[in-house]
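First, one chain by itself in structure tokens, the form predicted alone.
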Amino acid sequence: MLLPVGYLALRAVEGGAEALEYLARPRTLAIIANSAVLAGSVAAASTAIGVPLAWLTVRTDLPGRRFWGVAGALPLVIPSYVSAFALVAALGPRGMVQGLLEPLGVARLPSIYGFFGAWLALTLSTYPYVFLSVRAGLKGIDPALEEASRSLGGSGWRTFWRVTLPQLRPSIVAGALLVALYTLSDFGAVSIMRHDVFTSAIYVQYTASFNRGLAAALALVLVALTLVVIWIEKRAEGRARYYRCGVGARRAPKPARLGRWRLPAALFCGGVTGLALVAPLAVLAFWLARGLAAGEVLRDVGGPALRSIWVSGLAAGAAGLLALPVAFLAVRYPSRLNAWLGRLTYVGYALPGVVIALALVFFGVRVAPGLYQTVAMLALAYVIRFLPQSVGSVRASLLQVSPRLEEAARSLGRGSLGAFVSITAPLVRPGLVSGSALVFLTAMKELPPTLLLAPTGYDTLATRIWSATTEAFYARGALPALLLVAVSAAALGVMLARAQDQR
């Protein structure tokens, strides 16, 4: 996980005094401020959307809640630049909304570009991190605590704020951390919305200036900013115990009745999925229909779809297996060293994909030439990039499992490994499934490592979308994009259905 950081340190040394002078410029300080404000704002907005959406789809009698559970997570598979394109097409100059308002005398809408556009596009693309993490956390909460609160006269809202929400703190913090770090590493949305942040500056140094020393220095500042975010996350989580102290309730909690709030709740879910999912899909469908009407010849996408599923599945499985010991060490053997070892896995997630890809190219050429341009190397890049998604979900679930259960198993003759396999692993399976789902969904759309590390001729759905859109063949890129969403929806539905029966 620290391999990209070592690569950046080597490159930054090449920059020398010029790199230090560049970092002290006022424009660089402004970029730091822009990136920090955007990351914090997107994390806050994603939490405001993801927490109520998770509660509605898990703990209430919301009509069609299983459908909303899948639809609410699907925006995660839509590339951020596609979401940004959809917003520009709808709300930008001469967009669809302005066309509808022109007969009413509205000549021009406020500009969508800049901070607001980047914030909105990234919020709609990243709130599923909080949503899926909190869904897994809700499945691990002991319902007996909420029932005790209600029996003592607490209302539904009071029980939620005083009992349920505090127990969800690890899940909320884990999801918000992923959102903040993803925002720091995103390039597509901020470039389309013309908002100057770290990733755009790094990209300019790598491509336009061909100065890898300055680009590496900027990326190391991004690593430092990541460590600050991780420290804030550690302080926000606190030291409370989140597992049940007694036997607890071994039944599923009774769904809360929404009553007259059913319609507003359904409208909330519909509005979120409409903006985050339906609008981008409508733009893709429009591009596809316009291309077909113009006689566009579409290429076969079956092979790229299978290759995307295979390598993303490898990465998701590997990330799940690697996340278990990392989270177990941090939770069951708490110390400053173990806590920071677990949190250092987040460093790679905040780095742009191109930085991780170049680090692995350097590693493959200099150290492990047998791995260079293999599927294993590509899966390794995905694991370095997305392991924190699995670690965060597994850690949040593990915090809800009482260590007394493992101690009881060992007192009955089970060894450490046997107690973990038979007791702990089944109880953390909702978090493990959610984490693996996150890795699978985000790896499906990951582009820079795929372009640089995939074997020759190993094209995926993401590379098909990229090659078509960069050449302005939007209809040709719409079909693989729609197939990407369809495949991810099917996989996500299966994963959520398997997690539904846990606990």
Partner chain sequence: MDKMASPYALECRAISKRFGAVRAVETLSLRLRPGAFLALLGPSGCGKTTLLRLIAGFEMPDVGAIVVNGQAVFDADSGLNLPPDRRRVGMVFQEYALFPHMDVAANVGYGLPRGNGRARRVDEALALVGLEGLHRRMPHELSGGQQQRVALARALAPRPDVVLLDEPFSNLDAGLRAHVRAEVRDILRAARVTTVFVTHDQEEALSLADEVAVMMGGRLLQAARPDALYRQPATREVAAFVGEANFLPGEADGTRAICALGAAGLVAHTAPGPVEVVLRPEDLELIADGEGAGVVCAREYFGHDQLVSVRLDDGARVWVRLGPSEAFAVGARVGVRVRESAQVQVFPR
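Everything quoted here is computed from the prediction, not taken from an experiment. Residue numbers count along the first chain shown, from 1.
In what follows, reference is made to the form predicted in complex with its partner chain, a form of this protein that is not presented.
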item: In the predicted complex, the one of Val97, Ala144, Leu405, Ile232 near its partner chain [non-hydrogen atom within 4.5 angstroms]; value: Leu405
item: Listed residue that, although its partner chain is not shown, lies within 4.5 Å of it in the predicted complex (heavy atoms), from Pro110, Gly370, Gly295, Gly415; value: Gly415
item: Heavy atom contact within 4.5 Å of its partner chain in the predicted complex, the stretch among 416 to 424, 222 to 230, 362 to 370, 270 to 278; value: 416 to 424
item: Close approach of Arg150 to its partner chain in the predicted complex, 4.5 Å, heavy atom; value: no
item: Residue contact check: Ala409 to its partner chain in the predicted complex, 4.5 Å heavy atom; value: yes
